[in-house]
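Only one chain is included here, represented as structure tokens and corresponding to the form predicted on its own.
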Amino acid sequence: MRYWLMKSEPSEFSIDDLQRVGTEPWDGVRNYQVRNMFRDEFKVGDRALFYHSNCQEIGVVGEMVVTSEAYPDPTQFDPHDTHYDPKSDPANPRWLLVEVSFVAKYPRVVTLSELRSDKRFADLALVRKGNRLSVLPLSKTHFQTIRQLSKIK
């Protein structure tokens, strides 16, 4: 099993949205490195932290599980979708997605500033300057430590 951190702006799709629908395709990713992770590294059963970005309280808000292998993201072919890619060929799709299912909404947000100030996360890609990826691999230790921090007030 692998561990991931997956970012979403809550104005687009939040942990509450995932809790409401149960399972959702993680669509709209337009980064080749993340596409390759979806294709080559993500497996059904992997765990992911749900991270709210670009909002009032930035940080980890919950947990989800990967429930599908990677498959073509249909939004790339829809000219009415904000993630439309006219250069993507249906015979050889450029963009992939995985489906995720709700596991838990954390009792509190584990904020980015909290992670930055905790020496246990010094090697976490999320806290490095210039990191812009929407999906990041996590160590099992980082995953478990963040889960524990979510329960501490």
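Residue positions are given as counts along the sequence shown, with the first one as 1. Being a predicted model, the structure only gives us computed values, none of them experimental.
One more form of this protein should be noted, the form predicted together with the DNA, which is absent from this view; the next part is about it.
Participant: Residues in which of 117-125, 63-71, 102-110, 45-53 have heavy atoms within 4.5 Å of the DNA in the predicted bound form?
Facilitator: Result of the contact check: 45-53.
Participant: Within a 4.5 Å heavy atom cut-off, is Lys7 in contact with the DNA in the predicted bound form?
Facilitator: Answer yes; at least one heavy atom of Lys7 falls within 4.5 Å of the DNA in the predicted bound form.
Participant: At the 4.5 Å heavy atom threshold, is Tyr32 in contact with the DNA in the predicted bound form?
Facilitator: Tyr32 belongs to the contact set for the DNA.
Participant: With the partner left out here, check for me: in the predicted bound form, does some heavy atom of Gln144 sit within 4.5 Å of the DNA?
Facilitator: Answer no; every heavy atom of Gln144 is more than 4.5 Å from the DNA in the predicted bound form.
Participant: Is there any non-hydrogen atom of Met37 lying within 4.5 Å of the DNA in the predicted bound form?
Facilitator: Met37: no, not in contact with the DNA in the predicted bound form.
Participant: For the spot marked by Ile58, Arg94 and Leu133, is every residue within 4.5 Å of the DNA in the predicted bound form through some heavy atom?
Facilitator: Every residue of the spot touches the DNA in the predicted bound form.
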